[in-house]
Each structure stands twice: as C-alpha cells, then as structure tokens.
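Only one chain is included here, represented as structure tokens and corresponding to the form predicted on its own.
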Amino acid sequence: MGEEVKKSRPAPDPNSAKFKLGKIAADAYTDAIAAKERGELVGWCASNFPVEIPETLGLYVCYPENQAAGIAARGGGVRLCNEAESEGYSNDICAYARISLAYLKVKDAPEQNMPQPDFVLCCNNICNCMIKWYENIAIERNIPMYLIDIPYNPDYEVSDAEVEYVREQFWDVIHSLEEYTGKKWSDEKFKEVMEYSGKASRMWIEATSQAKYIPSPFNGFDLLNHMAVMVTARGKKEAGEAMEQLLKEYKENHENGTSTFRGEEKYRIMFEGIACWPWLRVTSTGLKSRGINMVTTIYADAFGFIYDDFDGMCRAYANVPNSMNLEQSRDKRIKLCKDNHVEGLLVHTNRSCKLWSGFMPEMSRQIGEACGIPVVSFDGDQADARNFSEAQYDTRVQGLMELMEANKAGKEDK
C-alpha cells in the first residue's frame, strides 16, 4: 500500500488581521512573563478596569478572565474548577473566578500560563463577585489591591456627579501605583495611549458593524476570538493597526461577495451573553450547520471605548453593559438587532454570570417585541463545561430556526 498523503494547512498570512491579532493576544502573555523574569512588578487586571492607567504607567498586566477563557476553551476548565472546589470554593460562583483562584494555587496550566501577580487592579463595573475574587488573590499573595468602585447607574446617562466620583478614584489609584511601582504618570503618554485606544475602538466597532450587509462579510464567532485584543491591548499602537486591517478585510469581503462564514447565510441572529468557551466548536457548528450566522453581540462591542479626555474616559468606564440600567441596555441591543437585520435572538443563560443572566428574561422579551423576532434561550456556562448540554442546545437552536422560518414565511404572505 502506498503511503498516506497528509494534507498540510497553508501557512498563515502574516499580513492578515487574524495573524496580527493572534500575535498581539499571545504577546500579552509572553511580554508579561519576560517582564517578570527581568524583575519587574506584574499585575493581574480586571477586563473592564481602565487599561489606560497601567499602559500609561508602563506596567505589565495580565487578565485572569482572558486566561480562564483560554484555559476553558482548551479543555482545562473543569480540572481547575475541581481544584478550586476542593479548596472550599462553591461551584455556584463564577467559573472564571474558580479557575483563576485554582491557578493561583497550582501556578501552572499547560493551556495558558501567566506570571503570578505582584498587585491586582479591580473594577466592579463588571460585577461585585470580582471584588471578593480579587480580595482573595491579594490576601493569598499578600499583595496590594487597587479597587475602583463604579456604581450601577439607575439613570439613562452618566451624571457629572458620577464622573467626579470616578475621577477621584482614578487619580487615587494612579498615585498609589506610582508610589508602589516607582513608575511615573505622564500626561503626554496618556494622550498617546488615549489616541491608540480610540483608534482601536473606532476600527473595532466599525468592523463589527459590517454585519449590516446581507450576507455578512464575517462569521460572528470570529469576533469572540478577536475581542481578546480589545481587552488586553487596546491602548497599544499595534492594536489599532490590526483592527484597521480587520475592517479593511471585512469591507473587501463585502465588495467581493465573500465571507468568513462558510456556507449559505440563511438566517441572522444576535447572540446574547458570554461565549461557552469549552463548547465553542459545538455552539458554532450547531448554528453554521443550519445556515445561521451570529452577526452581532453586545459582548464584543462592550470593549470599544471612545472618548476625548480624562473625564471622557471616566464616563466611558461608567457606562459599560453591566453598570447601565435595563432600559439603556435594552435600547443598545435593539439598535444592534435593527442595524444588522437580525431575525432571531439566542440567549445564553450563563450559570457563571448571574448578574448578566438575571435580568435577561425580561430584557430579551422586550427586545423580541420591539424587533418582532423570536427569542430562545439555552443553559450554559462561560468556562465550566459541566453546565452545558449539547442535546438541549441543539433542540433550542432547532426551535429558533423553525420560529425564524415561520416568521419569515408569515411576512412573505402579507
């Protein structure tokens, strides 16, 4: 018998946005590890903590949420969740927190390593679980924790009083970090970082908005991978350049009638919530196999911050999805649905993120009514693979497809 010929994948194009974005995301870890080896202080940072602060100060930080998602996507989430639970942490708390706290103990994960922290940067505009999680890290490591409190906003707009409250905390953290690390704040450097962050954010939001075209020039699951750069590196020059390349490619896809979504785009949906990282392939395939493209999600756009000055930065971080009221959250999602010609809403009821999932039944009901689209939910988890059922997901997606089909047929009959 002749030798079996193995087909090799073509080498990735180093000029493509995908390659550049992947390298930036990987460099966030390797650069921090190298800094730690040089003897520099390295921090762990919450994803919606103002990245402009450590970037302007020249500090290296890693993101436990990103690491936990990466570990879970590569199959290590349950192992580390079990490790945390053996230490007494309830399996009812956030799986990102459990993975992170377990990693703090074991100090090694082949799926994704990062250096142990010398300080932690926490911001509760995501959730209050974050505070206890980072407090535990600080206590276990005997290191300082720098907390910025951004309260839930019951009003539609961020008030000047809230901006003042947040601004004073930003400056307090900046001065405290200067004292602890020996690094110095520079207004000129901040302006540079602000410009880089603004460019990355504008390019990212415009790139995601290309789903306004039918068919969409991209598969929405691409966004879940690319957004890692918006979390970890949006204050860096190369992030803006890579996002500009991404936008260029999506525009070219539209002009050429091509897309990163493979197959015919029969239906377009919005995906609500954090991705099920351990089941990313399953959730993606369950849609793609039915010709369903996830064209938009608030989760991706949440990491685009556009502002003109320091106060604008404070206002932007006080207006992220989990700190705004239901009405504004709803209206942002309705706009995404209408702008991107969404035909259905698929809601991830995430066991790990009770804050996000708690108000979603009412919000999704209002979105469905306002947009005239069917809404279906499924149970899952962002990082604990045990809280997801393939059979349930498949049934719910099939149901959503049938509802969208009936909805479309009803409109055609009128």
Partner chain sequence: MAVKELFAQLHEIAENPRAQLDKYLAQGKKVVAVAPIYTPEEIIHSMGIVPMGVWGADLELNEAKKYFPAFISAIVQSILECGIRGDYKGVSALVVPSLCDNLMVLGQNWKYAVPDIPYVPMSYPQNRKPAYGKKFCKASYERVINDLTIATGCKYSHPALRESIKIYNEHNAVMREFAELASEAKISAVERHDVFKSAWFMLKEEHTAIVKQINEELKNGPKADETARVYVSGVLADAPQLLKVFDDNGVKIVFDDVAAESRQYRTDCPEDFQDPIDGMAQKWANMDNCSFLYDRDKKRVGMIVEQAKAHKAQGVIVLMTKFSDTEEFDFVPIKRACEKEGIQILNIEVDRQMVNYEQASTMIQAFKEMI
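Source: prediction; values computed, not measured. Positions refer to the first chain, counted from 1.
The form predicted together with its partner chain exists for this protein as well; it is not shown, and the discussion that follows is about that form.
The shortest heavy atom separation between D187 and its partner chain in the predicted complex exceeds 4.5 Å. The closest heavy atom approach of E135 to its partner chain in the predicted complex falls within 4.5 Å. With a 4.5 Å cutoff on heavy atoms, L101 counts as touching its partner chain in the predicted complex. V320 falls outside the set of residues with a heavy atom inside 4.5 Å of its partner chain in the predicted complex. Using a 4.5 angstroms heavy atom cutoff to its partner chain in the predicted complex, none of I71, E265 and R290 count as contacting.
This chain is displayed without its partner chain, yet in the predicted complex the stretch 144 to 152 from 335 to 343, 245 to 253, 144 to 152, 274 to 282 comes within 4.5 Å of it by heavy atoms. Between the options N225, N325, N82, T258, the residue in contact with its partner chain in the predicted complex by a heavy atom within 4.5 angstroms is N325. The listed set R330, K199, R315, K183 contains one residue whose heavy atoms approach its partner chain in the predicted complex to within 4.5 Å, identified as R330.
Taking its partner chain as positioned in the predicted complex, the residues of 78 to 99 that bring a heavy atom within 4.5 Å of it are, in sequence order, E87, G88, Y89, S90, D92, I93, A97.
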